[in-house]
Each structure stands twice: as structure tokens, then as C-alpha cells.
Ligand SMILES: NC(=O)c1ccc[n+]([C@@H]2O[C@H](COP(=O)([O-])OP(=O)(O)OC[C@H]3O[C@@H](n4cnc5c(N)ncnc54)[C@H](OP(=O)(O)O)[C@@H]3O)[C@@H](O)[C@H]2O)c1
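Presented below, as C-alpha cells, is a lone chain in the form predicted on its own.
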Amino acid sequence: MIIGFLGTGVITEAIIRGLYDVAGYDDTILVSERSATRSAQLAHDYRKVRVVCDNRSLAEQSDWIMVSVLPEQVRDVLKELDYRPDQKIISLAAGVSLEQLRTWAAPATDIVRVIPMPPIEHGLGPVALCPPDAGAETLFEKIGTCVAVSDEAQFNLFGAASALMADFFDQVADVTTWMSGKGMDLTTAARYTTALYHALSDLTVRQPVEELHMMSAACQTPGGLNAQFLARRTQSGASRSLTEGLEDILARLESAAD
């Protein structure tokens, strides 16, 4: 099977490196020349990656086409290509609906939306899919945790939650910078902070789903440090701003699909 990527950005690179380095993938992958430096590096690093200069040629040679261009570019990129009914189209573009994709990629009908996250380069993190698709799930499960839904409205919830990534990284950086500003060696501060966030995230994965909402209370004692910090954050509106931020992203995704 030949997979072709229209667009060679950060997520494309993460998928390809995850497939070859983590999953032991051994089939051919085609990449477009968009981001010439990145595509050339991938072709250098992996013997079965080939750079194809023309999108039409890439589409003709591919069994699966991964659409990895910016959302505002999807329509123009897809409409200039010819498709076979047996091709699978997998779109990574946020806010571009299945209905739009089916219109622009006809006569192909096997169309899936996915939201991969950068850690899949290392075989970690969620990959949201809509609709459920056995072939796509088999592929992405090799480099992440597949979570599939049939309802695009629910899929948009995954899209909104994925926007937490920059905020998470900012938290880690801010805590590290705060400790360093108090006189701690930066490397020491970073080692502690990254290990802390890693360990806390790992605990959530191990926790039974029905008990996730209890984890915060379980680590608070009356008058304790965790209780004090959470109360301060709640008072400052941190919890409210989280929900409001998610609602804003969800509204943006829903309006884009409309």
C-alpha cells in the first residue's frame, strides 16, 4: 500500500517518523514538495519516502491520500486532482467537514477525518477519527491511541480539546521559569517540572474512567498545599477560563464546517 501526503508540515513529519521508527512500517510513503526542506530531510532519513513534485502525480500513485494542508487550502488542492472510487482520503484539516470532503474528492467515498497530535512521532497520544474506520484505526493504533466517533459534532469536541496543547506547554515553561527566577539552575528546574507533569499525566491514564473526577479531591487535605493552590486558581477564574476557551474553539470549528 502506498500512502501519499498532500502537505509536509509538522504533523505529517510526526506521522511518518512514528510509522517508521516506532511501528516498523515498511511500505512506500510519498510526500509533496511543500516545505521542501522537511520533505527532503524525510527522504534522506527513510529510504522508502519519495518526494513527488506534482500533487496530481502523487494522488495517482497513492492508495491512501493524507490531506495535510491548511484548512483554507483544502478545497483548491483537492479540486485540482482526480480520484479513484477505491482510494481512501484521510483529512487532517481542522474544520473541514466530511460533506465538503466528499464533494471535493468525488468519486472517492472512503473518507475519514483524523486529529493526530505531535507525540505520535514517539508512539504516544490520541488520534481522533470520524467516522470509525477499521483500516485507518489499524494504521494509527500503531503510533497512538485511536478514539473514533460517528458524530461530527462529537468529533469537534476532540478538536477543541486538542487546542489545550499550547497552554499545557506554557504551564510547564512558566513553572520552570518561575523556579529558575527564584535562583534554581534552569536545567534542574526543567528536569523536575517535566518529570512532574509527565508523572501526573501518566496517573490519569492508569485511573479508571469513572474515577477521574475524584483525582483532584483525593490529593487535597484540608488546609494543605494542593487545596490552597487550587482555591487560588479557582478564585482567579482559571477553571472558568478553561471552559470558556474550549467553548470558543468549538464555536470556531462548528462555524468553519458550516
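The shown structure was predicted, so the numbers you read here are calculated from the model rather than taken from an experiment. Note that residue numbering begins at 1 and tracks the sequence as displayed.
Form predicted in complex with the ligand: not shown, discussed below.
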| property | result |
| --- | --- |
| Position in contact with the ligand when the complex is considered in the predicted bound form, options 128, 93, 143, 90, heavy atoms within 4.5 Å | 93 |
| Residue among 135, 123, 118, 132 with a heavy atom within 4.5 Å of the ligand in the predicted bound form | 118 |
| Per-stretch contact check against the ligand in the predicted bound form, the hit in 108-116, 181-189, 82-90, 151-159 (non-hydrogen atom, 4.5 angstroms) | 108-116 |
| is_contact(residue 193, the ligand) in the predicted bound form, heavy atom dist at most 4.5 Å | no |
| Residue 103, heavy atom within 4.5 angstroms of the ligand in the predicted bound form | no |
| Residue 19: touches the ligand in the predicted bound form, heavy atom cutoff 4.5 angstroms | no |
| Residue 177, heavy atom within 4.5 angstroms of the ligand in the predicted bound form | no |
| Check all three, 28, 65 and 139, heavy atom within 4.5 Å of the ligand in the predicted bound form | no |
| Within 4.5 Å of the ligand in the predicted bound form: residues from 19-35 (heavy atom criterion) | 32, 34, 35 |
